[in-house]
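Quick heads-up: the structure tokens below are two forms of one chain, split into structure 1 and structure 2.
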Structure 1
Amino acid sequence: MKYETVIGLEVHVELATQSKIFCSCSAHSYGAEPNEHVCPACCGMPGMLPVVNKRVVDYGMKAGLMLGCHINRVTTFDKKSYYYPDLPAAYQTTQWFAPVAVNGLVEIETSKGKKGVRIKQIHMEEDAGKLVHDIREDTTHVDFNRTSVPLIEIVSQPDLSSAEEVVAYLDRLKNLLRYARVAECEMAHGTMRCDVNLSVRPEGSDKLGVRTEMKNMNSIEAIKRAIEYETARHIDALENNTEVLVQETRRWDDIKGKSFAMRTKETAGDYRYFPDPNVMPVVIDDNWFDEIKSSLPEFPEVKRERYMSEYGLGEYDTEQITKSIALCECFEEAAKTCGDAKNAANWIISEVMSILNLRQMTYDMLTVSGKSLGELITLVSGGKVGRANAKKILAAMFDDASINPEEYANANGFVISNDTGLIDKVVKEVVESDPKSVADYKGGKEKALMALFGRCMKELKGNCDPQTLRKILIEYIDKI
């Protein structure tokens, strides 16, 4: 018998806000002391009242619109009860009855073609704290820095059927949410987390099999492995009666390559959801809605189309630049400034992206402005600065985004000299000091000329037009 896998995902994404969802504590706990960013509200002290962070609702709406959802113009918060030390109030404030966004659709592309994945809902909620078990043997240590950091949970319908589709879906979510600049979505940083709901049924059956939920996958690779393992486990249970499948939550252990039962799956009733009486309904009026709608970026595929038709870029270049909204913005501004889109694209792909990679920065961390990059490109194409020196200027712009390329070139002696007297002088010195290379060149070795050329360029500190230098050098040698 053939089987098919049915997968739905619950994806938690940390929103890139400055402060927490219901209090003004900083939302950035990376590198902070334990419990440095806490207050009575996020510590769950009795009597504290939550105040909603507007930007969380902004980002919730943006995410919803990017994923093709309907926005609930009256959206409410509810309490979800569970009792664990990482949740000081013993309930999580989340959305159950009227989440900010519902009924979306995300298109993915795999080796099997295009496919729509339906989004059930996106809800806004607070994150839980962190528990540390390895400081002392007798207690658990609790850090509430992450408590109440804003999250959205994106719940898909069970429309996915393979690890490949899951990966394509997660990539698409990341791409869209990063374009809207609502989240970093980096699994390695914990700013994107994914739970996999999976069941298996005979191919063509319309009844769903027993569903298990898997947690604790920390990378895309781990998600792939977990799906493959769990699918095999389900099929084995169905075919060979190796075990009885039960609806439960399982923890993925990536080192052992296995999933382990954690607890039988809670149902909604176990959480005793009820409207949070401390947060009044959030009412999104037309002004607010329109403001968010008009702030949305162009969709990646619309951009791709436009880059090819409007700027005449090739498919590869387009693909590279549209990986990140920061690269897109830099490119568009640079192309406008220097008036040469293809050149701007080359600079982004060959220079900007390689510095980002070298410095282990994500593309979205780019701070160099497109305007400055455009000015730098103009200096090079106008013959004012050599390419090698332009790269040095670009590196300096990465360190200090306020650098003006032309001023920096002037201040650091990176301007190409039109002083042929100087070039003549350098050529004469270099040629006279290396009669062997001159003889080799005259004997037909092209490489010897390159060596002489390189030494002249070095003496001139790169501030020379290569064509001019080459011409003067050959003429000089020919005269000997």
Structure 2
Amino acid sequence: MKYETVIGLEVHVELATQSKIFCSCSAHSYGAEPNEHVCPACCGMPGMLPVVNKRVVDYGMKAGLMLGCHINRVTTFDKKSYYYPDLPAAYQTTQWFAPVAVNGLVEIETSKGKKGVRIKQIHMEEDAGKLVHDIREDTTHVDFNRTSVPLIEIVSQPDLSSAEEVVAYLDRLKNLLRYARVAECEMAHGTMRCDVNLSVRPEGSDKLGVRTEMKNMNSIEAIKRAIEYETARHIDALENNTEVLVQETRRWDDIKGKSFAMRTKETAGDYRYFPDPNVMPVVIDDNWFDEIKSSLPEFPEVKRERYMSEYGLGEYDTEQITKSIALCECFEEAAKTCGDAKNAANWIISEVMSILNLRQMTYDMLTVSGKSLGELITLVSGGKVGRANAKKILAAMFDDASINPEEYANANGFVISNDTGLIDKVVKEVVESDPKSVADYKGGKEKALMALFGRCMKELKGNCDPQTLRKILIEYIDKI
């Protein structure tokens, strides 16, 4: 019998706000000392009242609109009751009865074509703390830095059917949320986590099978392996009666490549949801809604079409640049400043992305302004700075985004000087020190000339017009 996999995702995304959802503590705890960013409010101390961070609601609405959702104009917060050591109040403030956004649709593209994935809802909530297990001391420590960091949870309908579709869906979410600048979406930093709800049924059936949930998946590769393993486990149970499938929460062990039962799957009734009396309903009026709607960015696919038609870029260049809103903004400003969109695109793809990758930075970490990049490109195209030295200037701009390219070139001796007297002197020294290369060139070996040219350029520190140098070099050799 043939089977099909049915998958729904619950994606938890930390919002890129400066402060937490209900207090003024910093929301950025990655790399911080344990329990450095906590206060009585986010630690669940008695008597502390939450105050809703408006920026969280802004970002919740923005995310909803980016994913094609309907925005609830009255959205409320509720208490989700459960006990766990990293949840100091013994309940989580979340949204159940009136989430900020519902009924969305995200379009993905896979090897089988395009597909729409329905979004059931997006709700805002506070994150829990983090348990740190110390095997050596046989002790578990609790770090509350992450407590009350604002999250949105994006709940899909069970519309996905393979690991490929799940990866395409997650990539699409990341791209859209980064474009809107509401989230970092870095799984490696824990700012994007995923719960995978999976079941298996006979192909063609409309009845869902027994569902299991794998919690807190935090890498694409782990998600792919977990889906493949869990699918095979379900099919084996149905085909060979190796086990009785039950609705449960499971933990994925990436080292062993297996999932293990954690607990029987809770239902909504187990959490005893009820309206949080300490948080008033949030009413979104027309002015607020229109303000958020007008702030939405141009969607990636719209940018791609515009870049090809307006700037004349090829499909590959366009695809590379539109991977990140930061790259797009840098490109557009650079193209405007230097007046050459294709040259600007080439610099973004060949030089800027190369430095980002070398420094293990995401594209959205780019801080070099498009205006500065455009000015640097103009210096190169205008013959004032050589390409090799321009790369050095660009690297310095990554270290200090305030650097003015022309001023830096002047201060560091990178401006091209066509002082023929200096060029003649360097050419004479290089040629006379390497008679073998001179003889090879005269014997018809063009590479020998390039070797001499490279040594001359190195002595001149790249501050010379290549055509002028080549002309003087050939003329000098011909005289020998």
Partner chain sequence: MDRVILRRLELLNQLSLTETQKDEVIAFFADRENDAKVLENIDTSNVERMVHVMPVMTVVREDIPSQPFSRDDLQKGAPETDEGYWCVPRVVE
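Definition used throughout: the rigid core is the maximal C-alpha set that superposes within 1.5 Å between two forms. Residue numbering: structure 1 sequence, from 1. Note that the structure is a prediction, hence the values are computed from the model and not measured.
Student: Assuming the other structure does not fit, state which one is the form predicted on its own.
Tutor: Only structure 2 fits here, because that chain is the form predicted on its own.
Student: When the rigid core is used for the superposition, does Val56 move between structure 1 and structure 2 (threshold: C-alpha shift of 2 Å or more)?
Tutor: Val56 C-alpha, core-superposed: shift of less than 2 Å.
Student: Note yes or no: does the Cα of His70 move by 2 Å or more between structure 1 and structure 2 after the core is superposed?
Tutor: No, His70 moves less than 2 Å.
Student: Please determine whether the C-alpha atom of Met217 is displaced by 2 Å or more between structure 1 and structure 2 following superposition on the rigid core.
Tutor: True for Met217: a C-alpha shift of 2 Å or more.
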